[in-house]
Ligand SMILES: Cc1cc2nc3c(=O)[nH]c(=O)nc-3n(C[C@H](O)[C@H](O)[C@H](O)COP(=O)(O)OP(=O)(O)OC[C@H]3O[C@@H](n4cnc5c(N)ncnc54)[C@H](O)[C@@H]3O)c2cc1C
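Just one chain follows, in the form predicted on its own, and it is written as C-alpha cells.
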C-alpha cells in the first residue's frame, strides 16, 4: 500500500532564532519546510547580546550583509566589574590577583571560521523578524499568529502538527518535527522529557534606557562603550547586564535567585532599583539628566532546565526548547543558532535515508549535549567561585582558553583543559574549610557540578 505524501518534509514549531535559522538552512538546501510562529513579528524578547560563534551561522546562511545593513552595535568584547571596595586577594595556584574589573577583546584569539573581530548586540524584535524573513526568502513557508497545541506521533509514516485557526482545529503533516518553541518546550513537555534544573533557579527583571552613558562603568572609556558589561552586586549571586541596543538605547537587567524575586510587580521594580543603588555609579548614570526609561519593566523566570533527550523518532529539539541554563555568558541565541547548524545536517540525512528514528539524530544530540554541558560547567564554576573566573581571565596561561569558551567554541572537546583545571581548584577549595578562598564560595551551586539528569 502506498502511503500518502505529507504536507511538508519538516515542520518547525517556533520562529525565533532556532526555528528561523533551521528553516533557512533547510530551505536553502531545497527542503520543503514550514514554520509555525504563535506571535506576530516583530515582538520584544530577552537575550540581546550574541557571542562570536554565531558569526559562522550568519556566514553559512548569507546573513552577514543584512546584519551590517541593520546597523546593530558591534560587540568587540566583554567586561566584568565589581564594587570599588570589593576584596582583592592573591590566588595560591599562581599568585595572580583577582581584580574587581576584568575585560576581554574577541580579537585576542583567532577563531576558526570567523573572519571578523566582533559580534553583535541586537534588538531581538528586529533581529528575529529579519532572520525569519531571511528563511522565507529561501523558500520556507511561514505562518505567524498560529499557536501549535501539540504533535501527534501515532501514525508511523508521519507526524501531525496540531493547531487552531479561529474555532477550527487543524493539522499539518510532515516527516520530521523540529521543536523550536523556546522556554515553552512544547514537545518536551508533551513527551514529559523536561526536568527542572536542581541547581540554577534564576529570575530577571529588565528594561531599556535611552541616553544612558554606557562609559560610566568602563575602565577605558574611549574603547569599551559598546562592550557588554556584567556588573557584580554585593548581593549573593546577583548581577546586572548592560547591553547596547542602538547608539543611544541600552538594555539593563537584574538577574537574581528566585528567593530574592518579589511576587508583586511594584516590589519587583523596587528591588530592581535597590540592586542598582548598590552600585552608585550605575545608579547615578541611569538617573542622570538625559537618561530615560523607555520600556516597561519585564520579568523572566523559569530559566534553567534540561531534557532527558533532545531527539526522538521524527522529532528534534533545538534552542531553548532543548536546554537553558543561565544568561550570564549570553549563550542563548548562540546555542539556538548552533543547534540549527548541527541538526539540519542530521535532518537532511534522515530525509535522504528515510530513517527517522532517534538514532538518525545522534550526531546532533551528542554534539549539543557536549557543548551545553561545557557551558553548564563553566557557568557553575563562575557562580561557585567567581573570583576564580576573574583570576583565570588575567592569567596569561589561561586567558585565551577562557576566551575560547566566551567566543562560544564549546562543542569540540568533551571538556576543555582550562575548565577541568577550574573545576579541580573549586573542588579543592570546597573540601578544605581552611583554604584561603573557602569563605568566597557562592551558595548558589551547593551541589556543585550536579547537572540535571539528561539521559
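Only a predicted model underlies this, so the values are computations on that prediction, with no experimental measurement involved. Numbering follows the first chain given and starts at 1.
If you look for the form predicted in complex with this ligand, you will not find it shown, but the lines that follow are about it.
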Partner-facing stretch of 377 to 385, 315 to 323, 344 to 352, 109 to 117, counted where any non-hydrogen atom is within 4.5 angstroms of this ligand in the predicted complex: 315 to 323
Contact check for 123, 244 and 403 against this ligand in the predicted complex, heavy atom at 4.5 Å: no
Contact residue in the predicted complex, from 148, 140, 311, 176 (heavy atom within 4.5 Å of this ligand): 148
Position in contact with this ligand when the complex is considered in the predicted complex, options 412, 68, 39, 430, heavy atoms within 4.5 Å: 39
Interface membership of residue 181, this ligand in the predicted complex, 4.5 Å heavy atom rule: yes
Residue 82: touches this ligand in the predicted complex, heavy atom cutoff 4.5 angstroms: no
This ligand contact at residue 43 in the predicted complex, heavy atom, 4.5 Å: yes
Residue contact check: residue 408 to this ligand in the predicted complex, 4.5 Å heavy atom: no
Residues in 9 to 31 with any heavy atom within 4.5 Å of this ligand in the predicted complex: 13, 14, 15, 16, 17, 18, 19
